[in-house]
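The chain below stands alone and is given in structure tokens; this is the form predicted on its own.
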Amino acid sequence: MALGLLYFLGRGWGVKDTKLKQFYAINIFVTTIAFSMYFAMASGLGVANVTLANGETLPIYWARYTDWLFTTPLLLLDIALLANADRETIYTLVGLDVFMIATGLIGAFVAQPIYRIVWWGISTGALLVLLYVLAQTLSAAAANQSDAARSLTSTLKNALIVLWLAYPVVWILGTEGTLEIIPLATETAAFMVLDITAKVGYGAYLLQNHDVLKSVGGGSESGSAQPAD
């Protein structure tokens, strides 16, 4: 995450286009938050022990949820700006996203296994609604953009859908979902790989397309808007 942050800082240094600055700022914040929370987990500050109903103690990495609570709305903002979506769409996506993360966090701290699974179901349901809204509204919004912008929006949207669908699967199969089909170390590593792909990989692919990003909303290299025809 730190290397991703340095990459975005180095690549964005000296960029003057207003639209590009927005995208770089978003991805710099994403990797800054993720790096901070991962460092907290690595140093033992981002974990709490929850005692389950059977007396078993389960470590919960609450810093991971803090990471997701701030970074996932920013990732949605990335793709919403690319598609030139309206504010109502952005508010809807962010609201669903925050609800999804919050209910997942509640589920992680519940002592009864059955209630943990119920909260997982609520959170996963919110995710499915979120992805449906994302697929429908962004496709409609991007229809007014250039072919290149529509193509990039579609690629990133599909990548985000696939990656985000993997999170609840890892959760329910891991220790937090109480099924414990995969051990804690494997669960943590899986979340780490997903996070790096969804944050650093996603942002790096997006920011390689300077020409497309500058064309969204009429940005120009000097940072001023293009005059209307």
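Residue positions are given as counts along the sequence shown, with the first one as 1. Please read these numbers as outputs of a predicted model, since none were measured by experiment.
Same protein, other form: the form predicted in complex with a small molecule, not shown, and the subject of what follows.
The closest heavy atom approach of Met100 to the small molecule in the predicted complex falls within 4.5 Å. Contact annotation for Gln145: none of its heavy atoms lies within 4.5 Å of the small molecule in the predicted complex.
In the predicted complex, Pro168 approaches the small molecule with a heavy atom inside 4.5 Å. Contact between Thr137 and the small molecule in the predicted complex is not found at the 4.5 Å heavy atom cutoff.
Shown alone, this chain has one stretch from 150 to 158, 67 to 75, 137 to 145, 87 to 95 that lies within 4.5 Å of the small molecule in the predicted complex by heavy atoms: 67 to 75. If you check the small molecule in the predicted complex, you find no heavy atom from any of Gly46, Tyr61 and Phe109 within 4.5 Å. Think of it this way: in the predicted complex, the small molecule has a heavy atom of just one of Ala190, Ala198, Met41, Ile28 within 4.5 Å, and the residue is Ala198.
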